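Before any questions on how it binds or moves, here is one chain, the form predicted on its own, in structure tokens.
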């Protein structure tokens, strides 16, 4: 599934950006996206031109979906770009209010058949080249190449790592609410290239990526019993982590990929455990008569956030990775669930239920700065993009008394609470988890 891309990075032109060079602020709410001109990349033949057009469209879609950029209508362009070596007439691009210009071309190696994709990024008002690279790939990996280029443009313009060359593992759902089929699936972050990893015979829940991006852990009712598995998504083979007595919930990998953290219920009581993936030995981290569940490691592996009703209502708690120094961090009204730590370490996302409404919220790891960024009849399962700037979740609408309706869809939203976007999938979808960057 993971296509290899050989990337050749060649600086085509050197030069330092001018003082005051274009930089997009991603730390606050952006009222107006930055206008970017992006002519279709050039190519030498009709087949290559079709690929060039598709690559341009995917790059443009990635940048626009971030909410930070707006691609200017190509009918407004004055200058015609004939090759990657065409030097911009900056006055022409200023006339259409372009702040940045991206153009490129594709050439195919006649011997190997590899594609060489060249592109340049210009600061129109500073009249400076910001980026110039050549990358190579196989023709069937053109879409991933487009995501990689979009990441490079995003990073150059914002100073933040991109998140477009990523995967999302999720649960694909079909059928009415009384007879729901749930399959493990994986796709590109924009909803393309959906692949089904299980056949739907067994219920699967809460898939989570490994840091190596090749494996996924998930919870399944295979053979009618709740079990935790790890699947190699390249080979499609799954292995049982452990046939633990009682009910297991919400497994997640540690940041180094060597352990799983999960909740294990025995005799009606749920506590947090880790499982060493080499020895399969489990270690109990909490020992409390309350229900402790939904653990998530901090990105440095030093702490774990989880939810517990030990204080009377379901709230969020943080403890050391060894189970010591448990501290409550949520104190608002309502109940809290499904916490997940941002890859940057600056936020914890969560689900909040208050007055019969579900919300997706964020708070700092010490519990300060709580704010709600999405809501609905049912919104749940937040997951962060690898740069920590975007959150994906699922939203479900109510079903009728016959179990009809109840559609569940994936959405993304900026951590500022702006730019909510539907992620289109072939069927209903829930429980998303974002991968790290693939490159």
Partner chain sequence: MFKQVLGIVCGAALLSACASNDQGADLYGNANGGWSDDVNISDLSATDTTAKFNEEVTAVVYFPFNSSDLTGEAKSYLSEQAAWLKDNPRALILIEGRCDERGTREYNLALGERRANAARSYLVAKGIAADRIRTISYGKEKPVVLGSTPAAWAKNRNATTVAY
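Positions refer to the first chain, counted from 1. Given the structure is predicted, the values throughout are model-derived calculations rather than measurements.
Omitted here: the form predicted together with the partner chain. The next part is about that form.
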* residue 399, heavy atom within 4.5 angstroms of the partner chain in the predicted complex -> yes
* Consider residue 208 of the chain shown here, and say whether it contacts the partner chain in the predicted complex, taking contact as heavy atoms within 4.5 Å. => yes
* Given that the partner is absent here, does residue 324 sit within 4.5 Å of the partner chain in the predicted complex, heavy atoms only? -> no
* Verify the contact flag for residue 281: yes if a non-hydrogen atom of it lies within 4.5 Å of a non-hydrogen atom of the partner chain in the predicted complex, no if not. => no
* Structure fact -> Note: exactly one of 81, 277, 130, 353 sits with a heavy atom within 4.5 Å of the partner chain in the predicted complex, namely 353
* Could you tell me which one of 286, 198, 338, 217 places a heavy atom within 4.5 Å of the partner chain in the predicted complex? => 338
* Non-hydrogen atom within 4.5 Å of the partner chain in the predicted complex for each of 267, 377 and 430 -> yes
* To do: Just one of 185-193, 162-170, 221-229, 95-103 has residues with a heavy atom within 4.5 Å of the partner chain in the predicted complex, so point it out.
  => 221-229
* Those residues of 276-303 which, in the predicted complex, come within 4.5 Å of the partner chain by heavy atom -> 289, 290, 291, 293, 294
